[in-house]
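Below, in structure tokens: the form predicted alone, a single chain.
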């Protein structure tokens, strides 16, 4: 039976670029989750209501995922949706959810995930709304959602038993049809259209070896189905392939710190041909060749340069988009291909307008996210498949592909230093004081380098004309080096200061330097300019990527 529940606004419900992320304990307390879900429905409700509309629901399997899905389903029924598609077991990776929304012409979807953040009873939880294009809600929509959270007085729900999420098939909640779907099927069919699965089967049949770490997160079922069952990778190629509510007690962020075992394997004499990993909700990726870590910025550039080797991109790409902190490696590929390269703020929604307008084919962020126009999210499994397709056609190792790429385009040595869980006031003061220095820097000499530009990055969307300011502090040098500072909003406590450091090296004889050694002078300069150690008391970053 439908019923109305009185409620009141709850502070701190403003969604960021990746939806709303908070501790599980906050989401599970009182009316926190229903308030946000109702605010989403109120903000996006058409004048005609949700009659005849389909909503996609799923998540990354983290703690509280199943309980939250039951709340969403009941509220969708009470708010008048005709149909809900939900992944079996509550599972849908973020790119698969985008695929399902697009494949079934859904009104949109609610994705329950805190991405790469830790899970478990004391971990993080998140929720975001994706629109009919399959992509994250535009800023005007997230602003409207926030406005609704500030004035909400009631939410709509229904009574009745839970939906059996373990059983594929149709069920009913009031007058609304709920279909529990295979979470892999639509996504697998899309990948089969994009890539040459026969060539990939031959690759594995020839003895090619893969180690894929699903990090006990959402991509386990996808990786088992695609890499092992469809393509014939050896059993055991997929590691940590069972999604767990606490991700096995690990942090599902595919970098050299949290995927240390995979990294060490690829640097060992027993290394497989390719190592890869994905994160909590399946939208990020890690690529490591035998003896060679491929930085995410380089991976985007190399995929763009070789995309034509996969069936879906055989005609070439129309453009590339990268987030501002991502290195300029993709820019050089775009220039060689004669296509534009767009520099956007961090956040996949900024790529959505470009993708929908047909301006770009590939896009990526330095934080291990790459994707294409096949969905409207970054896509970890897709990135691994494109790498496999390239290796199958070129019949080369990852190291050979990388070195030939650097010989042609030059190498952008690049690193990211994360200073996590800082006191917010200290972090904001650091950024404020650094921003005040920027106008005086151009034309000055810092450690022997001439400052060519310094600004606080602002972006004017070429499609809708919207302006996004305060997107990161940039300092560029005449030799092509660059330092970028940003405060990240992806955590649930404190502040994270990210420092991005880049140096372009055109000399092929210098392409085998260790990255941190190649950037040591800029790392020291970045610290001194902002006074990071002095202000934070931290002697080293929390994570170096």
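Numbering follows the first chain given and starts at 1. Being a predicted model, the structure only gives us computed values, none of them experimental.
Omitted from view is the form predicted together with a small molecule, to which the following refers.
- Among residues of the shown chain, residue 503 is not one whose heavy atoms approach the small molecule to within 4.5 Å in the predicted complex.
- In the predicted complex, no heavy atom of residue 322 sits within 4.5 Å of the small molecule.
- Shown alone here, residue 488 lies within 4.5 Å of the small molecule in the predicted complex, counting heavy atoms only.
- Contact between residue 416 and the small molecule in the predicted complex is found at the 4.5 Å heavy atom cutoff.
- Contact with the small molecule in the predicted complex, judged as any non-hydrogen atom within 4.5 angstroms, is confined among 279 to 287, 101 to 109, 264 to 272, 228 to 236 to 279 to 287.
- Highlighted residues 306, 332 and 405: none comes within 4.5 Å of the small molecule in the predicted complex, counting any heavy atom.
- The contact residue chosen from 115, 240, 157, 149 relative to the small molecule in the predicted complex is 115, the criterion being a non-hydrogen atom within 4.5 angstroms.
- A single residue from the set 255, 353, 299, 346 has any heavy atom within 4.5 angstroms of the small molecule in the predicted complex; that residue is 346.
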